[in-house]
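Okay, here we've got a single chain as C-alpha coordinates, the form predicted on its own, with questions on binding and movement later.
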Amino acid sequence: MIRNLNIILIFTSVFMLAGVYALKFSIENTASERTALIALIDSQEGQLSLVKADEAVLSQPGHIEPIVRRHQVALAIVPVKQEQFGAFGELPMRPVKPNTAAMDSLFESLEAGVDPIDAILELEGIE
(Lines give C-alpha, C1' and ligand atoms only; values in the text may rest on other atoms or scores of the structure.)
Protein backbone atom coordinates (compact mmCIF):
# COMPACT_ATOMS: atom_id res chain seq x y z
CA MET A 1 0.00 0.00 0.00
CA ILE A 2 2.78 2.40 0.93
CA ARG A 3 4.64 1.42 -2.22
CA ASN A 4 1.68 2.33 -4.45
CA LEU A 5 1.27 5.62 -2.62
CA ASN A 6 4.97 6.43 -3.16
CA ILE A 7 4.69 5.67 -6.88
CA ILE A 8 1.66 7.94 -7.17
CA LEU A 9 3.47 10.72 -5.29
CA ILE A 10 6.54 10.37 -7.53
CA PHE A 11 4.42 10.64 -10.70
CA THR A 12 2.53 13.59 -9.23
CA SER A 13 5.81 15.30 -8.35
CA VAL A 14 7.19 14.76 -11.85
CA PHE A 15 3.95 16.08 -13.37
CA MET A 16 4.00 19.17 -11.12
CA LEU A 17 7.70 19.74 -11.88
CA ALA A 18 6.92 19.72 -15.60
CA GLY A 19 4.10 22.21 -15.00
CA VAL A 20 6.35 24.58 -13.07
CA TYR A 21 9.01 24.28 -15.78
CA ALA A 22 6.46 25.17 -18.51
CA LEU A 23 5.13 28.06 -16.43
CA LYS A 24 8.65 29.42 -15.98
CA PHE A 25 9.28 29.48 -19.75
CA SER A 26 5.88 31.02 -20.36
CA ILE A 27 6.67 33.83 -17.94
CA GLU A 28 10.08 34.38 -19.54
CA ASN A 29 8.45 34.67 -22.98
CA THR A 30 5.93 37.16 -21.63
CA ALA A 31 8.71 39.20 -20.02
CA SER A 32 10.69 39.29 -23.27
CA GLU A 33 7.57 40.40 -25.19
CA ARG A 34 7.01 43.12 -22.59
CA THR A 35 10.59 44.31 -22.94
CA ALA A 36 10.27 44.41 -26.73
CA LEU A 37 7.03 46.40 -26.49
CA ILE A 38 8.60 48.88 -24.07
CA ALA A 39 11.51 49.37 -26.47
CA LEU A 40 9.08 49.89 -29.37
CA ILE A 41 7.08 52.44 -27.35
CA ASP A 42 10.25 54.30 -26.42
CA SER A 43 11.31 54.38 -30.07
CA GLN A 44 7.90 55.66 -31.19
CA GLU A 45 7.86 58.32 -28.47
CA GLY A 46 11.25 59.52 -29.71
CA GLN A 47 9.93 59.68 -33.28
CA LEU A 48 6.84 61.55 -32.08
CA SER A 49 8.92 64.15 -30.27
CA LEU A 50 10.97 64.61 -33.45
CA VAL A 51 7.82 65.11 -35.51
CA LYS A 52 6.47 67.62 -32.97
CA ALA A 53 9.74 69.55 -33.09
CA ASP A 54 9.61 69.58 -36.91
CA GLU A 55 6.01 70.77 -36.81
CA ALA A 56 6.93 73.57 -34.40
CA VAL A 57 9.69 74.77 -36.70
CA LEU A 58 7.70 74.43 -39.92
CA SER A 59 4.61 76.18 -38.58
CA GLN A 60 6.43 79.34 -37.54
CA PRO A 61 5.31 82.41 -39.50
CA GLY A 62 8.91 83.20 -40.41
CA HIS A 63 9.14 79.87 -42.23
CA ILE A 64 5.70 80.01 -43.85
CA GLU A 65 5.73 83.62 -45.08
CA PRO A 66 8.44 83.20 -47.79
CA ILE A 67 6.66 80.10 -49.09
CA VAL A 68 3.33 81.92 -49.26
CA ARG A 69 4.91 84.92 -51.03
CA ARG A 70 6.62 82.61 -53.52
CA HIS A 71 3.37 80.83 -54.44
CA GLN A 72 0.92 83.70 -53.90
CA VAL A 73 0.12 84.15 -57.57
CA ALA A 74 -0.17 80.47 -58.38
CA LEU A 75 -2.50 79.79 -55.43
CA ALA A 76 -4.44 83.06 -55.80
CA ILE A 77 -3.91 83.88 -52.15
CA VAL A 78 -4.58 87.40 -50.94
CA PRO A 79 -4.25 88.81 -47.45
CA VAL A 80 -7.37 88.76 -45.34
CA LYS A 81 -9.38 91.99 -45.36
CA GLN A 82 -11.34 93.28 -42.44
CA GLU A 83 -14.55 93.25 -44.48
CA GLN A 84 -14.37 89.45 -44.66
CA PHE A 85 -15.11 89.23 -40.94
CA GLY A 86 -18.21 91.43 -41.12
CA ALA A 87 -19.21 94.41 -39.04
CA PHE A 88 -21.13 94.99 -35.86
CA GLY A 89 -23.97 96.51 -37.87
CA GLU A 90 -24.51 93.17 -39.63
CA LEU A 91 -25.11 91.29 -36.41
CA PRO A 92 -28.75 90.33 -35.91
CA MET A 93 -30.66 92.27 -33.33
CA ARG A 94 -31.95 90.68 -30.19
CA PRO A 95 -35.16 88.83 -30.68
CA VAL A 96 -38.32 90.59 -29.65
CA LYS A 97 -39.58 89.67 -26.21
CA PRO A 98 -42.27 87.01 -26.34
CA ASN A 99 -45.86 88.12 -26.17
CA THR A 100 -46.66 87.19 -22.58
CA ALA A 101 -50.35 87.92 -22.93
CA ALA A 102 -50.68 85.43 -25.81
CA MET A 103 -48.68 82.83 -23.91
CA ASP A 104 -50.85 83.32 -20.82
CA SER A 105 -54.03 82.86 -22.85
CA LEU A 106 -52.57 79.73 -24.47
CA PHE A 107 -51.72 78.19 -21.10
CA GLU A 108 -55.16 79.11 -19.73
CA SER A 109 -56.87 77.42 -22.66
CA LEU A 110 -54.65 74.33 -22.24
CA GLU A 111 -55.52 74.16 -18.56
CA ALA A 112 -59.19 74.46 -19.47
CA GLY A 113 -58.78 71.44 -21.77
CA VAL A 114 -58.98 73.28 -25.09
CA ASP A 115 -56.04 72.72 -27.40
CA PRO A 116 -55.83 75.44 -30.09
CA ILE A 117 -53.60 73.24 -32.20
CA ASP A 118 -56.49 70.76 -32.63
CA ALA A 119 -58.59 73.47 -34.25
CA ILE A 120 -55.77 74.27 -36.69
CA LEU A 121 -55.29 70.60 -37.51
CA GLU A 122 -59.04 70.14 -38.12
CA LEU A 123 -59.04 73.09 -40.52
CA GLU A 124 -56.18 71.53 -42.48
CA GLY A 125 -57.80 68.09 -42.46
CA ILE A 126 -55.12 66.42 -40.37
CA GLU A 127 -56.18 64.05 -37.66
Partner chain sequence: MAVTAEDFGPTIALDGARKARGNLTQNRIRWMVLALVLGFGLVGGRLVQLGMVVPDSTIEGQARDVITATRPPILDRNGLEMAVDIRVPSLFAEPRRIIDVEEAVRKLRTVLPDLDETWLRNRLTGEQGFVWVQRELSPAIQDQVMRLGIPGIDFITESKRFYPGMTEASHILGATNIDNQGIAGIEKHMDGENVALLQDLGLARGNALAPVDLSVDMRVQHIMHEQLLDAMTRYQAIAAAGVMMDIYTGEIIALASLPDFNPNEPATALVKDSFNRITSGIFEPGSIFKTVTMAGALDSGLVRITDQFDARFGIRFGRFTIDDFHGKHRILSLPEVYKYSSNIGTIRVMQAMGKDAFRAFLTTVGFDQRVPFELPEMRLPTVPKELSEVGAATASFGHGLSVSPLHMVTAYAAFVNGGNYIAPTLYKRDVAEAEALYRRVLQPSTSESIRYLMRLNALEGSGSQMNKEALGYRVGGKTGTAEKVVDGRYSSSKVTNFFASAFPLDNPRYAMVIMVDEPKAESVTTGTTAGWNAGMVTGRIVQRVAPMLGIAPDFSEILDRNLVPPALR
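Residue numbers count along the first chain shown, from 1. None of these values were measured; they are calculated from a predicted model.
Although not depicted, the form predicted together with the partner chain is the subject of the following passage.
Against the partner chain in the model of the complex, would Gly89 count as a contact residue? Criterion: heavy atoms within 4.5 Å. Looking in the model of the complex, residue contacts with the partner chain do not include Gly89, since no heavy atom lies within 4.5 Å.
May I ask you to state whether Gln72 is within 4.5 Å of the partner chain in the model of the complex, using heavy atom distances? Taking the distances in the model of the complex, the answer for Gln72 is no, it never comes within 4.5 Å of the partner chain.
Contact of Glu45 with the partner chain in the model of the complex (heavy atom, 4.5 Å): Close contact exists here: in the model of the complex, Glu45 approaches the partner chain to within 4.5 Å, heavy atoms only.
Is there a heavy atom of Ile67 no more than 4.5 Å from a heavy atom of the partner chain in the model of the complex? No, no contact at 4.5 Å.
The single option of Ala56, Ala31, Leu40, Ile77 touching the partner chain in the model of the complex, heavy atom within 4.5 Å: Exactly one listed residue reaches within 4.5 Å, namely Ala56.
Tell me, out of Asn99, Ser26, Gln60, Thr35, which residue has a non-hydrogen atom within 4.5 angstroms of the partner chain in the model of the complex. Contact residue from the list: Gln60.
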